[in-house]
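Let's start with one chain on its own, the form predicted on its own, as structure tokens.
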Amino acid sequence: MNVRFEPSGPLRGTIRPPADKSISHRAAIIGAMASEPVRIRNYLDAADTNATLAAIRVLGAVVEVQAEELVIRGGGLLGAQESPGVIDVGNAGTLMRLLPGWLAFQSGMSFTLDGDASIRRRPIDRIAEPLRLMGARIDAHQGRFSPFTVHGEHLHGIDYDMPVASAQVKSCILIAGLSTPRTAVIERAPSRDHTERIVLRAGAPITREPIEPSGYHTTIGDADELELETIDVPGDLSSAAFLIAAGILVRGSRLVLEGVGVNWTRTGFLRILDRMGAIVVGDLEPVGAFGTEEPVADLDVSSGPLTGTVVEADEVPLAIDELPLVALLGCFAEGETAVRGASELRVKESDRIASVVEGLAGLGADIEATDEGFVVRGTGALRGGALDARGDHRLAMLGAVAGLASREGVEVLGMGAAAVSYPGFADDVARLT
């Protein structure tokens, strides 16, 4: 589906962004591991998160839709049922990397996971290595790709020093660590901590201590059972970010985004925007906070001039999904904008460094790729043209925002990819214009 987004006048209005994708995945998986029914309010109804519901159903969980909430009745920590066929993860990278943490300690059972063509290009060796160190057996295509099979075993604890900051890999290890006497994850730079908050609330023995220069040492131990009554999923800041960028770039705009999750491990993009001179006002969680709840705020966004900035490697994990928008904002900023240390972008739904650079260059941007990021020289405008989403939901929405702020408009080829995380994105944009 191709959709054209024309240059827009001021964007005005109030929008509640869709539910958080990362938290929805985790709520469903951990809900299936709980010993009692778990109610999830505001679960994201999108392709990726529905793949997670389908997967836990295959593993024996019962998922009921009641009014505006889901009720998940799982079999407990050791209650996964062996699947007679392949567990289809679709395009959901979070599902592909978190679910094996649970399956790895289902002793005596084997589970095969596979997905679409995009998933088959995304490596799983980053989760396979620590799970193997814990005693699980992983058989993967070419040693590191889907389809792959997890053979459940009795696991033992490890101390794992993360070579690259990744919330998905960290979460996989912590989930597997629920079956061990003690497992520790050392991350040199912080990454999103939704898993830690949910399992802490569920009664798991988990602690987190800061380490130099800016990371954490997180320890988890054996949990007899997990108990959760309700999980409230806030609005997704990564989805809201596209509307935030549009409100900043389209002159005269004023938007309010309601009920957005502002966990500090997700608000790196807002801190980058503040450095660039953008105006986004909201009651944000203090850096370093930790607890069982996800903080929520309304964000007030208005347009204004921007200056270029440099995003360093230690900031990347806290803004990983929003870095394509930093490139777009850099096109309109005064001076140069650079992102460094973002090699993780190359193993997303597409190679996001290559696709963002090629896509924006085709719209008139002065942008070039580096090995681990990109450099943008601001020209104050974009011409417009066509941008191929390449099946990547965030690239599709990037093209839409670029069209609103461009001189000639942008046709997004494959706009339907946005349904992975934000099915109503085009409709919400139309409401604001």
Ligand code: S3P
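Since we're looking at a predicted model, the values are computed, not measured. Residue numbers here begin at 1 and follow the sequence given.
We do not show the form predicted together with this ligand, though everything after this point is about it.
The candidate stretches are 167-175, 271-279, 299-307, 356-364, and the one lying within 4.5 Å of this ligand in the predicted bound form by heavy atoms is 167-175. Interface residue among Ile206, Ala128, Ala184, Ile320, judged by heavy atoms within 4.5 Å of this ligand in the predicted bound form: Ile320. When this ligand is considered in the predicted bound form, only one residue from Ser118, Thr265, Ser83, Thr94 comes within 4.5 Å through any heavy atom, namely Thr94. In the predicted bound form, this ligand stays beyond 4.5 Å of every heavy atom belonging to Ser421.
In sequence order, Ser22, Arg26 are the residues of 22-56 having a heavy atom within 4.5 Å of this ligand in the predicted bound form; the partner itself is omitted from this view.
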